[in-house]
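First, one chain by itself: the form predicted alone, in structure tokens.
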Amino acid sequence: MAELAADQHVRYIVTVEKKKDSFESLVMEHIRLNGAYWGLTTLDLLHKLHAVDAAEVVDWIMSCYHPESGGFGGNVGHDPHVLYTLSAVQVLCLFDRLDVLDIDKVADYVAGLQNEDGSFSGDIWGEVDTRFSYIALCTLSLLHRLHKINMQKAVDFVVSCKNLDGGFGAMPGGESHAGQIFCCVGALAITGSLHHIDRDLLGWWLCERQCKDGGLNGRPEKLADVCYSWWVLSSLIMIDRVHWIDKEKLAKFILNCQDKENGGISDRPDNAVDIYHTYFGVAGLSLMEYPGVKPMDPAYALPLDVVNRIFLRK
């Protein structure tokens, strides 16, 4: 089996950040805060977070903050959205710098997006999706502010999106999809509500996502994609069914998607690499306890030592 080209991946992540006029930087302009989360978490998983200037990163994160609303935009001058707000909180958790936040202001922004039925909108424009339920619950939990929402209604909405195949969709009646399943299982894990899941039925659906090449797909009849190494594996771990897939074949698939010379991981072998798939590839290896990679928390999508620091600190 190929080995993880950790040093090359670190160099690739640090270099992408510096090339502001590169194609990858330009197409990620509107989601730069998400990109920061993917890249910096990968560095931390590879024990190389010190490769960046923490103070510089924190200053830039706070330049994306909207003090009037309490939310974060995807880049400087962009409108606030719960998606970027979670990425900002997660990055600040990596650096142990939640102290720079007005925590109640940020928590009030997220809590204010909860709707009457328990669902969450992504921003003031009102789009509803189970992704936003997970994002809101994860953000508030990391900030120790879950009491600001109606948690029972939040759980009830997520449960209403469960399908007959055991999976979950973006809305009630929506098609089961591995990404949405992670969001719903993660939301139920964070709220202590995993008893609503049929673990065997959902576990069967998730393990059926493994393709002949060892990779995982997001829905039936789709090609394998490295990012589902995270979405599927984390869900299987949370419901205690991860032993139902062939981890060795999956690890081989991820490692075969590496650019071993220049660094980075692609969605499938021989395609162009990007930060998104680099993060999810390394995160997937972490969930499989790959040597040299820090362990990840499957619900909070952060290194386990970071999550322990947040919740176990006296």
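Keep in mind that what you see is a predicted model, and the values were worked out from it rather than measured. The first residue of the shown sequence is 1; numbering continues from there.
Same protein, other form: the form predicted in complex with a small molecule, not shown, and the subject of what follows.
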Review point. With the small molecule left out of view, which of A107, V91, L206, I135 would have a heavy atom within 4.5 Å of it in the predicted bound form?
Key: I135
Point to revise | Proximity to the small molecule in the predicted bound form, single hit among A301, V306, V10, V293 (heavy atom within 4.5 Å) | key: A301
Study note, to complete from the structure: Given 120 to 128, 194 to 202, 223 to 231, 107 to 115, the stretch touching the small molecule in the predicted bound form at heavy atoms within 4.5 Å is 223 to 231
Review point. Is there a non-hydrogen atom of H144 within 4.5 angstroms of a non-hydrogen atom of the small molecule in the predicted bound form?
Key: no
Check your understanding: Looking in the predicted bound form, any heavy atom of M238 within 4.5 Å of the small molecule?
Key -> no
Point to revise | Contact flag, Y37 vs the small molecule in the predicted bound form, heavy atom cut 4.5 Å | key: yes
Check your understanding: Do F157 and the small molecule share at least one heavy atom pair within 4.5 Å in the predicted bound form?
Key -> no
